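Below sits a lone chain in structure tokens, taken as the form predicted alone.
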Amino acid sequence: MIQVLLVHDGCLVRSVLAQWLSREPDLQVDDVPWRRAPCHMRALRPDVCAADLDCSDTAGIPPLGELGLRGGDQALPRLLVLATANRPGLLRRALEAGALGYVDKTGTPEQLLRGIRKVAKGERFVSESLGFGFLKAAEMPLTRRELSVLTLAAEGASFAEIAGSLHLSHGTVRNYMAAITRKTGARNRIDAIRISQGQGWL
């Protein structure tokens, strides 16, 4: 029996997916929104965490680091993410979090099922249609921290608010923004946000 924790902020989509997956005799499925995912991960210790990368909280950044995933081949739970090729920034976050599975949300439910079973065995699964997204992710000039700073700025946060949220000094945030502006070829912070959103980095 494979124990699956499905993490998705869309209540209707989450419920339908959970019901569909639960029809399989080898799957036991629990489903939660992102805000409840970390505590459920600790309590359930599922074999696979299948998480949608679109998160309605935390400025749209999926808090993958809060899921308590552990390194090593024998570590459980293993992470599978639901993603799209036009959001390479989220794909890179999932890569950095050690996800084993990458399922295209525009694909079929059967792809998700295959992905869960392969990831449960410790094998990698990647939807072919996400290939372009991974190429774009590899070309991204911004670091994970710079992306976090820029994402908060895109939500309208001031330098002081960004510094408080990310536990940085005010001067460090300014330095990050200067680096972001330079790397994106932007004229200013607003232009950097526009360019990054157009590229799917945010």
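On a predicted model such as this, the values are computed, not experimentally measured, just so you know. For every residue, the number given is its place in the sequence shown, counted from 1.
Beyond what is shown, the protein has a form predicted in complex with another copy of the chain; the following relates to that form.
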Exercise. Hey, with another copy of the chain in the predicted bound form, do Pro77, Gly122 and Val126 all fall inside the 4.5 Å heavy atom range?
Worked result: no
Exercise. Is Ser22 close enough to another copy of the chain in the predicted bound form to count, meaning some heavy atom within 4.5 Å?
Worked result: no
Problem set entry | 4.5 Å heavy atom contact, Glu161 to another copy of the chain in the predicted bound form | yes
Exercise. Do Glu155 and another copy of the chain share at least one heavy atom pair within 4.5 Å in the predicted bound form?
Worked result: yes
Exercise. Leu112 near another copy of the chain in the predicted bound form, any heavy atom under 4.5 Å?
Worked result: yes
Exercise. If you check Leu82, Leu91, Ile116, Ala99 against another copy of the chain in the predicted bound form, which one has a heavy atom within 4.5 Å?
Worked result: Leu82
For this session: Pull the contact list for 174-194: residues with a heavy atom within 4.5 Å of another copy of the chain in the predicted bound form, in sequence order.
Result: Arg187, Asn188, Arg189, Ile190, Asp191, Ile193, Arg194
Exercise. Any idea whether Arg187 and Asn86 get closer or farther by CA distance in the predicted bound form, knowing it moves 3 angstroms or more?
Worked result: closer
Seminar exercise, completed: in the predicted bound form the CA atoms of Gly185 and Asn86, compared with here and shifted by at least 3 Å, lie closer
